[in-house]
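This document starts with one chain, in the form predicted on its own, laid out as structure tokens.
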Amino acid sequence: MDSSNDEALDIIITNVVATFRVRCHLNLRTIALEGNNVIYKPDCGKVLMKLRKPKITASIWSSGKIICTGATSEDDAKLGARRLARVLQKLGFRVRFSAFKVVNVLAVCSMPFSIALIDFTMNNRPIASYEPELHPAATYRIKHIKATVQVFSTGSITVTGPNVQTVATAVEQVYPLLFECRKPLRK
């Protein structure tokens, strides 16, 4: 970060997506009839199950693959996944929790200044793109850490990456580029 500006930026994680397997076949109809907070989607071949604590939504397929969304930290995602496995175990399935992986993390961060998006895109042309007719944000892709940063003119940024550490690295990497393209304060 810039040495003259010693404010810390708050990175707020809004969604963590994780996958895991239970290593057994699941009867979706049984889950739909006997489970709580369940929505059966036979056309998609899956069941949606919601947990209240931690607040997550899981997509459950009969193959035993489960995708959890809605957690606000990697620890909450793992705790929610383990709770889901326990719920399925209590419904009578021979569940073995395995192959847990955090797939995607979505975070938001607000810069203490506005950003000139056209200047930002011109300065970082090969990896930054801005199409105002399609989307109000400039997209900045960081290939080597597999992160994408959406930059809005208000100074708000949205970061997606494979884990929390990557998201923090992406914000640290894009901050100096945003700082040099900040809009002057109006009087």
Partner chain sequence: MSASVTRCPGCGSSNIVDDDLYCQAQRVCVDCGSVVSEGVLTEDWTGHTEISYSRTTAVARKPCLNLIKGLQRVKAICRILRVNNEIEKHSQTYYTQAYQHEAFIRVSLQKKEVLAGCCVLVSCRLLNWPITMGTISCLLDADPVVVGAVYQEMIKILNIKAPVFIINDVMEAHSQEYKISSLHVPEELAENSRDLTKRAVALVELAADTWIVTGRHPTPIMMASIYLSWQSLKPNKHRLKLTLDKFCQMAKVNKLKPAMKRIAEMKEVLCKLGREIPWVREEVTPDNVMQQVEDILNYRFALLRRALRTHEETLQAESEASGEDSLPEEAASSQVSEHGEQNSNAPTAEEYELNAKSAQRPRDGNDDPHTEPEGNTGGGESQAPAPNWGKRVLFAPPCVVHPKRRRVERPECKDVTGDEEISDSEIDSYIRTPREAREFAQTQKMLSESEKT
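Just so you know, these numbers come straight off a predicted model, no measurement behind them. Positions refer to the first chain, counted from 1.
Below, we refer to the form predicted together with its partner chain, which is not included among the displayed structures.
Taking the partner from elsewhere, residue 160 is found to have every heavy atom lying beyond 4.5 Å of its partner chain in the predicted complex.
The shortest heavy atom separation between residue 102 and its partner chain in the predicted complex exceeds 4.5 Å.
Taking the partner from elsewhere, residue 41 is found to have every heavy atom lying beyond 4.5 Å of its partner chain in the predicted complex. In the predicted complex, its partner chain sits within 4.5 Å of a heavy atom of residue 50. Contacts between 82 to 112 and its partner chain, taken as any heavy atom within 4.5 Å in the predicted complex, involve 82, 83, 86, 87, 90, 91, 111, 112.
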